[in-house]
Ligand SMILES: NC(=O)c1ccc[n+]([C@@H]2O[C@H](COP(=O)([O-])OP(=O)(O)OC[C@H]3O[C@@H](n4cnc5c(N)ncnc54)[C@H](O)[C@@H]3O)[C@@H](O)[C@H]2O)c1
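Quick heads-up: it's one chain on its own, the form predicted alone, in structure tokens.
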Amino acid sequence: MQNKIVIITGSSGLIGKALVQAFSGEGASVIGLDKASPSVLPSNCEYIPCDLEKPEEILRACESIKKVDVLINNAGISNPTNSQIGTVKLQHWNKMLNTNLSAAFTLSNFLAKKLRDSKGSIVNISSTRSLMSEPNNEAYAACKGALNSLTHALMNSFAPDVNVNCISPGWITSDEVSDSANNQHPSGRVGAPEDVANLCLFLVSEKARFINGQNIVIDGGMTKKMIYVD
């Protein structure tokens, strides 16, 4: 990643911090976009304050960026649960979709020429909730499902200049969890933020150039496991 410029949205969050560390550690110059300022920032990183719910702030940030090789649309409201259906407020629905979905499109749109010029890559961070869900997470599931579809649509629009892929993480945490939480995963543990960062590094490398328009699930096997309660 030497001499590459990487934009990471949601750079102050759980996965965002791991992405910043991973890409800066490989020599990239990282530009983090987030409403919250980072507590620690590597020397080869820049932070641009940006409320990703607001297109005008995204445009302002994009105008200050001269070149981009990699765009990672990672930002999102991480709590998937909203009010019980029948009482969901439209304000909450719109806030979730604006931050978790529209921001990814807006950045891809505003930075399209710069990404084409660099023959760059886009990685969208979705969720396994785009494939399965629980009660009362309509807004989160809807925007993550749409992000998967946006990925292959952007791939076709950008082809052959820009690779566009998607990652759908399952349970990702940096906290200690119970043995039962770990053991229910076929891989024997819950995911770590670094698992997502490592996959991102691979997807934007030349070794992955033939992988395009895909949604890759990283969940320790949970979406392929049948679960029945006796």
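Note that the structure is a prediction, hence the values are computed from the model and not measured. Heads up: residue numbers just count along the shown sequence, starting at 1.
Separately, the form predicted together with this ligand exists; it is not shown, and the next lines address it.
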Residues D34, L52 and T99 all lining this ligand in the predicted bound form, heavy atom within 4.5 Å: yes
Of I216, A208, M222, L14, the one that lies within 4.5 Å of this ligand in the predicted bound form (heavy atoms): L14
Per-stretch contact check against this ligand in the predicted bound form, the hit in 137-145, 153-161, 83-91, 110-118 (non-hydrogen atom, 4.5 angstroms): 137-145
Residue contact check: A75 to this ligand in the predicted bound form, 4.5 Å heavy atom: yes
Partner proximity in the predicted bound form: L71 to this ligand, non-hydrogen atom cutoff 4.5 Å: no
Contact of I172 with this ligand in the predicted bound form (heavy atom, 4.5 Å): yes
Any non-hydrogen atom of A104 within 4.5 angstroms of this ligand in the predicted bound form: no
Interface residues of 106-138 toward this ligand, as seen in the predicted bound form [heavy atoms, 4.5 Å]: I125, S126, S127
